[in-house]
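So this first bit is one chain, no partners, the form predicted alone, shown in structure tokens.
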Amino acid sequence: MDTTMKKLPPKPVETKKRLLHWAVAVITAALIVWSCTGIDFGGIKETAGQIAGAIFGGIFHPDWSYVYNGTGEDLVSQLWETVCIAFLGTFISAIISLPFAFWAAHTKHKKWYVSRTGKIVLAIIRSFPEIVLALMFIKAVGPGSAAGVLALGFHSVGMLAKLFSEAIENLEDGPNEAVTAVGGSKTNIVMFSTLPNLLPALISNTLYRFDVSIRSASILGLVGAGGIGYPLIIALQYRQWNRVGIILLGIILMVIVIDGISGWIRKKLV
């Protein structure tokens, strides 16, 4: 008996697959080159180095006097307003998202087109960016925090309801069947089986959305929807780079703290 190892023949190379990969790579490269031709690049300005030096100098030498001065227009007050906008928008959307989630969950309907309609509605809601919604609500309620809360709340409904509906679809049928076996109605199934089992996923997804809303609320102020974005755009317009530096530092710290707290809560739930 020959104990020597026999070398396996090399796998045949699929020519069609290789040609397909090369074709995709060439087409992708051609599209990138073609896209760059549409960029109107007028060259680097002579003052670019001076401006870049001023920007980095201001960012690394922030205006510490802006942190808190008791006027309500300081960094701490604006960051707190940003957190409140994100919290209210997320909290309101979490409540509104529940009925949409049950509508879009296919396990709760016998006819497929009912849940499909709900998914289409949620996709339409998600298609509106927060900035566009903020501009629309500014025309309706005026500039300020109210427009930011409404924009975040409306946009978050589409995403939260989608996450909630997926969590509903992943639930096991055993608890529901147990409630049905003892004569429970559909309302009893929802109250005593679905919602208790769904609660950890609801809280976890809501906290995740709150993290995203914190970043979105920081941007909405750029168009006048309240929060830290408004003093940031003012500082950029007047080239107050030291003010820009302290605002960016505050946003970074706020995001890190919120991420840490929400991550700790999610770990406790799981």
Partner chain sequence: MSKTERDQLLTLPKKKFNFLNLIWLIIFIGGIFVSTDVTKTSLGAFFANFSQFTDIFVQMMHPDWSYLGTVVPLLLETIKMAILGTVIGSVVAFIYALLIARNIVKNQAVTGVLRIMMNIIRTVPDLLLGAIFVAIVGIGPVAGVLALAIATFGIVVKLFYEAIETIDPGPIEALTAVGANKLQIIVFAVLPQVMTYFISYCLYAFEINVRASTVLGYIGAGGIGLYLQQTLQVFDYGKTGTIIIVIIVVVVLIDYVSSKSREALME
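Numbering follows the first chain given and starts at 1. In this text, all values refer to a predicted model and were calculated from it rather than measured experimentally.
The same protein also exists as the form predicted together with its partner chain; that form is not shown, yet it is the one meant from here on.
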Using the partner position in the predicted bound form, report whether residue 69 sits within 4.5 Å of its partner chain, counting heavy atoms only. no
How about residue 102: is it within 4.5 Å of its partner chain in the predicted bound form, going by heavy atoms? no
Partner proximity in the predicted bound form: residue 61 to its partner chain, non-hydrogen atom cutoff 4.5 Å: no
4.5 angstroms heavy atom contact with its partner chain in the predicted bound form for residue 251: yes
Of the residues 98, 146, 179, 163, which one places a heavy atom within 4.5 Å of its partner chain in the predicted bound form? 146
Note: exactly one of 198, 135, 121, 76 sits with a heavy atom within 4.5 Å of its partner chain in the predicted bound form, namely 135
To test your reading of this chain, name the stretch in 110 to 118, 164 to 172, 179 to 187, 79 to 87 whose heavy atoms come within 4.5 Å of its partner chain in the predicted bound form. 79 to 87
For a quick check, can you give me the residues of 198 to 220 that have a heavy atom within 4.5 Å of its partner chain in the predicted bound form? 215, 218, 219
